[in-house]
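Here we start with a single chain on its own, the form predicted alone, put down as structure tokens.
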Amino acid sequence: MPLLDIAGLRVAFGDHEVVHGVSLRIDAGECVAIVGESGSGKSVTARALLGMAGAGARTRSDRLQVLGRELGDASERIWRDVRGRRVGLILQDALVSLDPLRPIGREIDDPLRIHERMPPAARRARVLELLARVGMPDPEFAAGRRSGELSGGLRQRALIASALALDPPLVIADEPTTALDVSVQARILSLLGEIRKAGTGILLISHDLAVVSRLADRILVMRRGEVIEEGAADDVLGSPREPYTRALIAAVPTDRPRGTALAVARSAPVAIPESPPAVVPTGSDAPERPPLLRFDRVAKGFSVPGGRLLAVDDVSLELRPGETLGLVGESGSGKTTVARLALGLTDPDSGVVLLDGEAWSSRPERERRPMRRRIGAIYQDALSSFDPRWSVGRILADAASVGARGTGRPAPRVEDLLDQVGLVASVAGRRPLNLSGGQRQRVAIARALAAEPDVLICDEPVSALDVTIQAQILDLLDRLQRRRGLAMLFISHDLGVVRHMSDHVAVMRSGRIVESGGTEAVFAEPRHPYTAQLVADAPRLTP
């Protein structure tokens, strides 16, 4: 029998139906992927298969069977028996999904304690085995850490370990590798491939078509709640029938040269500010100018149980007007600490950070504050960077007014900021929690642009976006850079995105820069073994 067999699945919230008659079957040892833009209904579909469509959701189907058991009218008690034991769930947002007050070891132990009669010592050994299996460094130490003490990639690995704890025959993976660097992503994809070969069925929800092409046997393409195309992965990716599917594939940045537009004509163009009117030379076309942002032998350490962690070790970097410097490396390599040092949110232990030739890291905060508008930031976890009580309009208005203060120029209108990132004006009245992950990230980008900065620190700026919206945002950032001479420090685990966006790239490992240079030179002929391994591990779109 199939592991999952659904027919005519419909999900509605009030009078608004968001999933229209989806049918799907997954056999043992098969991976089926659902792809589509934010709001297409793919995640709601996945959650409905576990009775978790959301508060106020009305779900109905002609057939909804898991391992031959009809669950269309299942009670919550029955669903609790299904979740974890028969179907494992890997969610996209690890920070929200993990309890911030409990160590991750207890999170992974819970399904074992609830569903299995195992003594505590055996459960502990199983927890450490699972953490090692998903590539968690030092599982014994990590098991005692809370989610807020781990990087985004480490949190996601803990979430995957929890989902696999009971070896369920079916796994629903909703963006399982979104927050992972390429090395760990390769490990997780290999792990998912191994459990598939052992007979586990996988429903994969992903906006990353390179990941999908590596793992999926069949692909369903969803748009506006409907499946518009489905078939074998090679057929859908190699010879797509629908224009929408072709647009998804065209938007993948891997192997697309710097400056090449990714968004296709079917999408409404993303507006950009009209001032200043002249295009500023960027990248290799830009004249040699003093760096806007400079790190000179910067080091930063943190106290950890048992000693001190040197997160940034003797790092020197230069970022010039109109240039993009890509920063890549595995989780915990020090990339985000570099971003915090650049933003003046933490001070170095040694060395100096300069902004436009002037002291930045060594200034007291009262002197830094008037200069802060010159550096904007886009964070990896958009939701946690917002005040949840504020509307989007208030968030953007506040950023615009603070940026305009003391400059003598008017603050940008909220509607214009939303338009720049492809959001309609009505979003201004909503709160971040009521937006999709992609919408929240676009609001974060609009907030960063509100002060019209000279330097933009981008820490995983498109990791939460589906591929077509990612393409629009990358095109937007590229055009803004050319209009304004904007300098960007672009931190990402996605080597395809970094290669497409960057003029220069620096590779970090264990707090140090192990290789740097022109982007194409580093990617084409990496000198350091670690860089070569990153390039080899990066997934590619291969139908």
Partner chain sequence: MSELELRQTTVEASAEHLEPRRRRMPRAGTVLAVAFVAFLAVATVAPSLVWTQDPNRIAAADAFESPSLAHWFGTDESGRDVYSRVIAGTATSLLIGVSATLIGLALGLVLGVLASFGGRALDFGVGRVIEVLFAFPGLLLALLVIVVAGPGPVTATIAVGLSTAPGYARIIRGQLVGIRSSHYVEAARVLGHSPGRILARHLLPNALVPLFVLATLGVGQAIVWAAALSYLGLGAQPPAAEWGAMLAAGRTYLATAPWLTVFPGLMIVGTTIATTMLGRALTRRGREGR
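Residue numbers count along the first chain shown, from 1. Remember, predicted model here, so these are calculated numbers, not experimental data.
The form predicted in complex with its partner chain is left out here; the points below concern that form.
Peer 1: Among 197-205, 131-139, 389-397, 222-230, which stretch sits within 4.5 Å of its partner chain in the model of the complex, heavy atoms only?
Peer 2: Among the listed stretches, the partner-contacting one is 389-397.
Peer 1: Could you spot which one of 372, 430, 256, 126 gets a heavy atom to within 4.5 Å of its partner chain in the model of the complex?
Peer 2: Exactly one residue meets the criterion: 372.
Peer 1: Looking at 246, 340, 294, 214 here, can you tell me which has any non-hydrogen atom within 4.5 angstroms of its partner chain in the model of the complex?
Peer 2: If I apply the 4.5 Å criterion carefully, the residue I get is 340.
Peer 1: Within 4.5 Å of its partner chain in the model of the complex, do 345, 384 and 451 each have at least one heavy atom?
Peer 2: Each of the three qualifies.
Peer 1: I'd like to check something about residue 404: if you look in the model of the complex, is any of its heavy atoms closer than or equal to 4.5 Å to a heavy atom of its partner chain?
Peer 2: No, residue 404 stays farther than 4.5 Å from its partner chain in the model of the complex.
Peer 1: In the model of the complex, does residue 447 come within 4.5 Å of its partner chain, counting heavy atoms only?
Peer 2: Contact with its partner chain, yes.
Peer 1: If we define contact as a non-hydrogen atom of the residue within 4.5 angstroms of the partner, is residue 252 a contact of its partner chain in the model of the complex?
Peer 2: Residue 252: no contact with its partner chain in the model of the complex.
Peer 1: Quick check on residue 188: any heavy atom within 4.5 Å of its partner chain in the model of the complex?
Peer 2: Residue 188: no, not in contact with its partner chain in the model of the complex.
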